[in-house]
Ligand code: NAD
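Take a look at this single chain, the form predicted on its own, given in structure tokens.
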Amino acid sequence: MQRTPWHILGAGSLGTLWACRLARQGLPVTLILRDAARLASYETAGGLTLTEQGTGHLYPVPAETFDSQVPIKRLLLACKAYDAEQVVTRLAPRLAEGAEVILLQNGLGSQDAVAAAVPHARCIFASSTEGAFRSGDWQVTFAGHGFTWLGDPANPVQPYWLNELTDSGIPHQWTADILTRLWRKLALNCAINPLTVLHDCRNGDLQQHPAQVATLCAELAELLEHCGQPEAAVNLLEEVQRVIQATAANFSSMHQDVARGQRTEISYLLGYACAAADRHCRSLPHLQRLHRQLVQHLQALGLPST
């Protein structure tokens, strides 16, 4: 039986990690790169390199640009949240009727925008805790085993290809409550990432600011309850503390973005949370103050604040 090809857009840490593991299993994988210059750079590198436990392996995954005419039946969208709607709109003419788009974006907001842009496709939301970081162009280092939850708020039926993830060593679970997972991760990111930027510290250093973390978690839990996500609020502070300890030596993704002088996903994390609070007429002063402080900090650095 001919396998449906995986098209992967976004050669960052997670996109590269998925591409290498799927290709290693012998599944058909194609990278989509933004232009001919990136394609030339990739071809010079000879493929993607995945490093696990200190050992690197090169995977010569085929690549193409947006301009290819090959129809797309399954697309893993692993780009940043702020790029998701634009790139999927650009790819929309190539998406076959009933194509599946798996969304690996941080935060909330981009998923609905993508779904609206490609109504002829099935959008599957994903929430991942897998750890990986780019160690160079076209290179990724697997930093720690995590888990990926997948689900479709519009259709609870599991896709048939989940066994391909199992065979490829991608730990996952299909869930009818994917929105609960996404809200929970949003709250975790809002409680940790902005503070690591403002304190310019690793995750573990937030243990020196317990009152600030606890206050934020209390307000985020209140927000989750009023947004109809009470399950996502259960024991939020305890999980935030656990994540801070478990990832103590790591820099958060937002801290890494700022350190590289890159745009952050503030609009899909803190910005989304504060907008939700406004919609529900909730006053969450510490969360809203944190958002203002982060916006001012990014502007002072000359970085986008949306």
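Not measured: the values here are computed from a predicted model. Counting begins at 1, following the sequence as shown.
This protein has a second form, the form predicted in complex with the named molecule, left out of what is shown; the following refers to that one.
Asker: Any idea which of 293 to 301, 21 to 29, 280 to 288, 8 to 16 reaches within 4.5 Å of the named molecule in the predicted bound form, heavy atoms considered?
Answerer: Of the options given, it is 8 to 16.
Asker: So in the predicted bound form, is the named molecule close enough to K80 to count as touching (4.5 Å, heavy atoms)?
Answerer: Taking the distances in the predicted bound form, the answer for K80 is yes, it comes within 4.5 Å of the named molecule.
Asker: State yes or no: in the predicted bound form, is some non-hydrogen atom of G131 no more than 4.5 angstroms from a non-hydrogen atom of the named molecule?
Answerer: G131: yes, in contact with the named molecule in the predicted bound form.
Asker: Does the named molecule come within 4.5 Å of any heavy atom of R34 in the predicted bound form?
Answerer: Yes, R34 is a contact residue.
Asker: Against the named molecule in the predicted bound form, would V87 count as a contact residue? Criterion: heavy atoms within 4.5 Å.
Answerer: Heavy-atom contact with the named molecule at 4.5 Å: present for V87.
Asker: Could you check which residue among L182, A233, C123, L104 gets a heavy atom within 4.5 Å of the named molecule in the predicted bound form?
Answerer: Among L182, A233, C123, L104, a heavy atom within 4.5 Å of the named molecule in the predicted bound form occurs only for L104.
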